[in-house]
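Just one chain follows, in the form predicted alone, and it is written as C-alpha cells.
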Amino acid sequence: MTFLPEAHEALEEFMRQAVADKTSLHIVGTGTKEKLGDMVTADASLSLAHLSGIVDYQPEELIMVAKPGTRLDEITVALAEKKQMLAFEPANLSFLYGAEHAGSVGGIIAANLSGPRRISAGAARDYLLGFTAVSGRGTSFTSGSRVMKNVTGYDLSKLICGSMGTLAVMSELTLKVLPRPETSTTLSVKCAALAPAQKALSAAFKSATEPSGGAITRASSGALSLGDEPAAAHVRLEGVAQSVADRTSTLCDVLAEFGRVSVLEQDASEALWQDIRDIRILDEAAEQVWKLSVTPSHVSEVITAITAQTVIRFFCDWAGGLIILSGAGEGLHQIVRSAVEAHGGGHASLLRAPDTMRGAIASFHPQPTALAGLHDRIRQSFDPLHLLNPGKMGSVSRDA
C-alpha cells in the first residue's frame, strides 16, 4: 500500500492513523535515492511525490519555499531565470542510482547532500531556514522561519537534515538561495602523486584567492587507482570576472611550484565540477561506491592503506577531505573502515552496493557508544514507536 498525500492536512491525518495502528512507514520522495542508506522494511509506503510545487519564491529576499516532492530540476530552472542558485551545490545522483532525474528537494535535504562548494559555502543544512513537518507521534510542528536571524526555540533544521526521514515527514521547507557567480575558472596543476596534489590544494586554500572548490583526479583525467600515480589538483575560483582574473593570476604563482598549471575557462570548468559533483568520474558499473570523510592531511595515508589490500578507483573533493571510491568484494567495507580509523579517523559510508550486500553491511559508519545513545534518544523523542523509515540508518534500541 502506498499513500500519496497532496496537502499537509492529508499527510497529518494519515500519520495520525498510522501511529494509532502502529503502521511502520517507508518514506520516499520521488524514489531516486531509494538505495541510499540501509534497507527499509515497513508495513506501508508514504510517497511525497504529489506533495510538490514551489509555494513562494522571492528573489529579492533570497528565499524559496517549496514542498518536499518538488523536483530539483524544477527548482534549478526557476533559480536560473533569476541568476540564482542553491549554493550548497546539490548532487544529481541519477548516474549513481540509475534514476531518470536528480530527485526531489525533500530528498536532498533529508540526506543533507552537498556538492563541491560545501567547503566554502557550507552544507545543505546551512541553507534550510525552516520547515513544516509531521513527527512520528502524528503531530504537526514548524521550525525556523524565513529569515536567518530568527533564533527563537531549537534549531531543528540542522537536526532534520541528514535524518533520512527517520524523525519526521516534511510537508514544506524554506531555503536560502544566493546569486550565481558571474563566472568561474579552474586551475589544474599536474603533480607527481596524490600527496603533492594534496599539498597543492592546501597551499591554494591557505592563499587569499578564496577558492570555492578543491578536488584531485587522475592527471590524464578520470579516477585514480593508486596514491603514487600522477594526479591533478583542481582549484575553482568564482565571482566577478575581473576579480576571478586577478585571483587566477595570483593562484598560478602559488601553484607553480607543484607542477605545470593549466587554466580551464568557464564551460570546461563547469563541466569538470558537474562530473565531480555527480560522481560521474567513477565507473558506472562499479559494484560498490563509498564516501569517506577524512582529515585532508591523512588522505594519502588512507589511500595507501586501502590500495595495499585491494583494487579501487577514487577521486577526492572538499580539498581532499572527501574521498569517493569504487571497488568490489565482500571484505571491502572492513578494509575501507579500518583504514579510516587507523589514519586520523572519520566516516566511511556506503553509497551503492547490490541489495544482498546492503542487507549485510551497515551503510553508515558505526558510531561511538555515547553518540549512538544520543542518536537513539533523539529518535525516541520524535518517533517513539520507530515507525518512520525503520532500519534506514541502522537499528535503534527499543529501550532508548
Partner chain sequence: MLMPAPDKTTLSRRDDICAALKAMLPAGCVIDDDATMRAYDADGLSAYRQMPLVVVLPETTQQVADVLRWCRDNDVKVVPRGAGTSLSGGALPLADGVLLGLGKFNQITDIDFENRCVVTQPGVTNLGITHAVQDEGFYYAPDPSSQIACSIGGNIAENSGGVHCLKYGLTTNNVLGIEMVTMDGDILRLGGKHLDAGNLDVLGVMTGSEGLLGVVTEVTVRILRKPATQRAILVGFDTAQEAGQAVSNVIAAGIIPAGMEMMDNPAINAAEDFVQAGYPRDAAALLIVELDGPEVEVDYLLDRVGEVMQRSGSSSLRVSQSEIERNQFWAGRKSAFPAVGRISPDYLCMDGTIPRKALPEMLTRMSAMSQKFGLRVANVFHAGDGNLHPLILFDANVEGELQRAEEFGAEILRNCVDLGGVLTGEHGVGVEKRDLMGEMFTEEDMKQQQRVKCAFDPGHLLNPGKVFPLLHRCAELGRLHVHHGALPHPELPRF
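Note that the structure is a prediction, hence the values are computed from the model and not measured. Positions refer to the first chain, counted from 1.
Just so you know, the form predicted in complex with the partner chain exists too; it's not on screen, but the next bit is about it.
Worksheet item: With the partner left out here, if you bring back the partner chain in the predicted complex, are His50, Ser94 and Thr183 all within 4.5 Å of it by some heavy atom?
Response: Judged in the predicted complex, none of His50, Ser94 and Thr183 sits within 4.5 Å of the partner chain.
Worksheet entry | Arg118, heavy atom within 4.5 angstroms of the partner chain in the predicted complex | Within the cut-off, so yes.
Practice prompt. With heavy atoms only and a cut-off of 4.5 Å, decide whether Ala193 touches the partner chain in the predicted complex.
Written response: No, no contact at 4.5 Å.
Worksheet item: Do His375 and the partner chain share at least one heavy atom pair within 4.5 Å in the predicted complex?
Response: Answer yes; at least one heavy atom of His375 falls within 4.5 Å of the partner chain in the predicted complex.
Worksheet entry | Contact of Ser188 with the partner chain in the predicted complex (heavy atom, 4.5 Å) | Outside the cut-off, so no.
Worksheet item: Just one of Thr76, Thr310, Thr304, Ser243 has a heavy atom within 4.5 angstroms of the partner chain in the predicted complex, so which one?
Response: Exactly one listed residue reaches within 4.5 Å, namely Ser243.
Worksheet item: Which pick from Val55, Met39, Ala370, Ala342 sits with a heavy atom within 4.5 Å of the partner chain in the predicted complex?
Response: Of the listed residues, the single hit is Ala370.
Practice prompt. Counting only non-hydrogen atoms, choose the one of 273-281, 311-319, 97-105, 325-333 that falls within 4.5 Å of the partner chain in the predicted complex.
Written response: So the stretch in question is 311-319.
Practice prompt. Pull the contact list for 372-386: residues with a heavy atom within 4.5 Å of the partner chain in the predicted complex, in sequence order.
Written response: In sequence order, Leu374, His375, Arg377, Ile378, Arg379, Ser381, Phe382, Pro384, Leu385 come within 4.5 Å of the partner.
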